[in-house]
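Next up: just one chain, as structure tokens, the form predicted on its own.
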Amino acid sequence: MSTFNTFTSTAFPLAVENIDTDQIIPARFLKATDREGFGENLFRDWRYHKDGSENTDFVLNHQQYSGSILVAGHNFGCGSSREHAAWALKDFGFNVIISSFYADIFKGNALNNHVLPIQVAPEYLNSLLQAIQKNPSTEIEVNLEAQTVSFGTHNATFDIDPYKKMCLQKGYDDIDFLVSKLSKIEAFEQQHIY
């Protein structure tokens, strides 16, 4: 997995609250256990009409927006615990989600798949959404080491589990972390196992 330290991108503003995992990736597309290929159906029922034509009113289909950050409304990722929601976001190209609240299971799934869920105050979120809608070229800077997010003169801090932060910075998943400790594990075994 790639490492993550500082990151700057434009963003898509999705000012909708209570986006559940079935809206992120509908259940009928959960037919694979491979993490790749889910991005094409991200927000499927919002991105496309029933006849398969593109819904030009949906923000991901707006030409003026781009980037690898999704700025969403309050309570993002609620509903079922499907990890496919994080897979779909990552596969589509999102590295960061910014919201004022996340469902716990979604937050864990996102971090396990190297998508950084940043939780900010509602006032900051509203300012950010308005800034992007007014100027789609607004750049957002994320500094994982300092745990800050900023745009223009607006700055905020965010919390993250120290272990998950280290994994993002080093590009580790849980197995990579254990492998990184192999020499210490072997040294312990030589001293304590007969």
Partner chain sequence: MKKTLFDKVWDSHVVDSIPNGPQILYIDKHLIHEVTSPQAFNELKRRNIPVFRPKQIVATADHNTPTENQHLPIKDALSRNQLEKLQQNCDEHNIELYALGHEYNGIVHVMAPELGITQPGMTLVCGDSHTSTHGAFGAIAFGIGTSQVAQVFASQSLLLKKPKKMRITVNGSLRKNVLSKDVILYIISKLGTDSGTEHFIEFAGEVFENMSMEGRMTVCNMSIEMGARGGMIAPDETTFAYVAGRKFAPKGADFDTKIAHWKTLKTDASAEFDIEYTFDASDITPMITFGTNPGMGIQLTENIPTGKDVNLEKSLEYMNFEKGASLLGQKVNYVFIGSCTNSRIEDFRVVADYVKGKQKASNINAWLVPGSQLVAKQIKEEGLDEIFEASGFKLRQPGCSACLAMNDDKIPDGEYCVSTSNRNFEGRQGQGSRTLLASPLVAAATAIAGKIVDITIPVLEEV
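The term rigid core refers to the most C-alpha atoms you can superpose between the two forms while keeping them within 1.5 Å. Being a predicted model, the structure only gives us computed values, none of them experimental. Numbering follows the first chain given and starts at 1.
What comes next is about the form predicted together with the partner chain, which is not displayed.
Site annotation in the predicted bound form: the residue of His154, Arg47, Lys165, Arg35 reaching within 4.5 Å of the partner chain with a heavy atom is Arg35. Screening 134-142, 62-70, 39-47, 121-129 for residues having heavy atoms within 4.5 Å of the partner chain in the predicted bound form returns a single hit, 39-47. With a 4.5 Å cutoff on heavy atoms, Ala146 does not count as touching the partner chain in the predicted bound form; it lies far away. Among residues of the shown chain, Phe101 is one whose heavy atoms approach the partner chain to within 4.5 Å in the predicted bound form. Contact check for Gly93: no non-hydrogen atom falls within 4.5 Å of the partner chain in the predicted bound form. The shortest heavy atom separation between Asp161 and the partner chain in the predicted bound form is within 4.5 Å. Although the partner chain is not shown here, in the predicted bound form the stretch 7-30 places heavy atoms of Val16, Glu17, Asn18, Asp20, Asp22, Gln23, Ala27, Arg28, Leu30 within 4.5 Å of it, in sequence order. The rigid-core alignment places the CA of Glu17 less than 2 Å apart between the shown form and the other one.
Three angstroms is the minimum change: in the predicted bound form, the CA atoms of Ser180 and Asn143 sit farther apart than in this structure, by 3 Å or more.
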